[in-house]
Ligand SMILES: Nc1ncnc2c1ncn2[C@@H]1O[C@H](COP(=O)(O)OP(=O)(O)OP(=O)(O)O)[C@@H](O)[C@H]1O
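Here you get one chain, nothing else, as structure tokens; it is the form predicted alone.
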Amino acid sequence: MRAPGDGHGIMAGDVLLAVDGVSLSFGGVKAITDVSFDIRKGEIRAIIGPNGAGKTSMLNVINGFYHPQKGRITFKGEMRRRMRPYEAASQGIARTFQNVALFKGMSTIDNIMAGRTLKMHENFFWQCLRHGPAMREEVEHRRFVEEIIDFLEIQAIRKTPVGKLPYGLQKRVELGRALAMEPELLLLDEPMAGMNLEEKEDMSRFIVDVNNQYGTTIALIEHDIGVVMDLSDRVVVLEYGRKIADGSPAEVSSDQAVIDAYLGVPH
């Protein structure tokens, strides 16, 4: 699998994405209130908080599914107020979901191939014929997808309909589909929800490998605090849509506001 691009000259450690004063509400319900933080290229950035804190809403703002009433997002140096999900995807933002969003009747390889759609350039006529340049393009994309399948160690299920797979493997296939987009920023919404200990260990390893081997920047929501503290370079904490802490795992875990709101009283 090829490494992602250089992000228009953005180097490791530079700000890849900045959230500036974002507020989002649905009618009278405030989901996010004046939240600011950044994500640096090459890091694993965790977003944590209790249920209803606005974490998933924040990811939905970042990838263009929601449009905030206030604030702005700057990605790769370009400021934007509104962006649709397909525009975010074409610019290098990929996403997995809290509830697995796969084509259950399709095989593993075909689900991951769906992540290559934006990379396909031949016109619809040639794609329907599956001949000539379109066939050559498909062969190249399938070769790339096979590399992802090898990377995620799911060769044995490459032709299995994903609806027949156990939940942990479905989450791995969904990660593969996101990786097929060659993202510069990968958004993971509770990638280990519903997993047993062994499945969590596998997913943690793959997340670290994606970050280390390919330099992919990752922002993740995760409720398992042990996982967050082990994986993350920095953590931002939300409570009722407001930011209450931001820093290294050690700084956040010792912050009294975080302890009171989320982590519980230490013994």
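One rule holds for the numbers: they count along the sequence shown, beginning at 1. Only a predicted model underlies this, so the values are computations on that prediction, with no experimental measurement involved.
Another form, the form predicted together with this ligand, is not on view; read the next lines as being about it.
You can rule out all but one of 227-235, 200-208, 35-43, 48-56: in the model of the complex, only 48-56 has residues with a heavy atom within 4.5 Å of this ligand.
Although the partner is absent here, Ala31 lies within 4.5 Å of this ligand in the model of the complex, judged by heavy atoms. In the model of the complex, none of the heavy atoms of Arg242 sits within 4.5 Å of a heavy atom of this ligand. Though the partner is left out of this view, Thr74 does not reach within 4.5 Å of this ligand in the model of the complex, counting heavy atoms only. Using a 4.5 Å cutoff between non-hydrogen atoms, Gln98 counts as a contact of this ligand in the model of the complex.
Listed residues Glu190, Glu182, Glu146, Asp110 were compared with this ligand in the model of the complex; Glu190 is the one with a heavy atom within 4.5 Å. Heavy atoms of every residue among Phe26, Tyr66 and His223 are located within 4.5 Å of this ligand in the model of the complex.
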